[in-house]
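A lone chain, given as structure tokens: the form predicted alone.
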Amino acid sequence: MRRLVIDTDAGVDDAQAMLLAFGHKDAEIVAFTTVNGNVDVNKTTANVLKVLDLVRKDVPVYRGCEKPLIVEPHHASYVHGEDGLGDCGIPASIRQPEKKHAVQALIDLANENPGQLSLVTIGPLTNLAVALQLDPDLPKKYADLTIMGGAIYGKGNTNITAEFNIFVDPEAARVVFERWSMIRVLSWETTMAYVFTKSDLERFFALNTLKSKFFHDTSQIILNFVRNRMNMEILFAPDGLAVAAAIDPSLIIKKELHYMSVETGGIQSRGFTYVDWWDSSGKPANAEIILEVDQKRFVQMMEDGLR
């Protein structure tokens, strides 16, 4: 049984990742922490509560940081919709988040369950960076850390070289990479190679469940964005892949261990996650960089979450 804490800037693919996690028999979601990212933190918090309504689960939700450490917020409503869930009219939840701040929750959860919890971050790393300032021993208290983030070959999706989650708060990302001894990394380029195809989507939509309808309705803005920009009928699922790998690491087919950190300067290099591919720096590896996964099993895990 994998016991997960998921830190999220709940947009469309974050919500899909939540459904995947709830659909896996060997996963227990202990808590959600929310952060500014795809949309503002009030909306990301509201979106997690909406998903909990859909799956009829009671999991504590802790509202986190409103802004990055230094810069002003940068959102992606042009992809996820103004509400972060595709602007398709998902009703607001009457549930309320916990009163405790997400940063304190990350610290308390680790100290109350030392070595028992897997942390998965599928948004900017602001909450975790602040938590590390307050509790520098946090990396020793979580069983492992999986992040969706980074562009390991410099093929970014926000500026030329940077992936969104890192670009939004590169200072926070740098803190995390410098303080954590080993991080499982699902980069933007890797997740681009493992998308949901048109046939996958038709299979999901045909399930005719409340979850598959939610998946269909919330995905339309992104599907149109990809269709118009790339002329393709596919859906990227980066957060779902990160959560799947955290739940079942045997999904991973190929990985490499290297030193990895984050560039915080420059016009086009800000947020670039650079990898010491040749291990020439002499610095110890701090990243388990995932390069290949079992696509068939990933698709099945998503389908299980929609049933």
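Note that the structure is a prediction, hence the values are computed from the model and not measured. The first residue of the sequence shown is number 1, and the count goes up from there.
Not pictured, yet referred to below: the form predicted in complex with a small molecule.
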query	finding
Contact check for 157, 165 and 188 against the small molecule in the predicted complex, heavy atom at 4.5 Å	yes
Contact segment among 105-113, 197-205, 232-240, 137-145, judged by heavy atoms lying within 4.5 Å of the small molecule in the predicted complex	232-240
The small molecule: the contacting residue among 38, 47, 273, 33 in the predicted complex [heavy atom, 4.5 Å]	38
Contact of residue 122 with the small molecule in the predicted complex (heavy atom, 4.5 Å)	yes
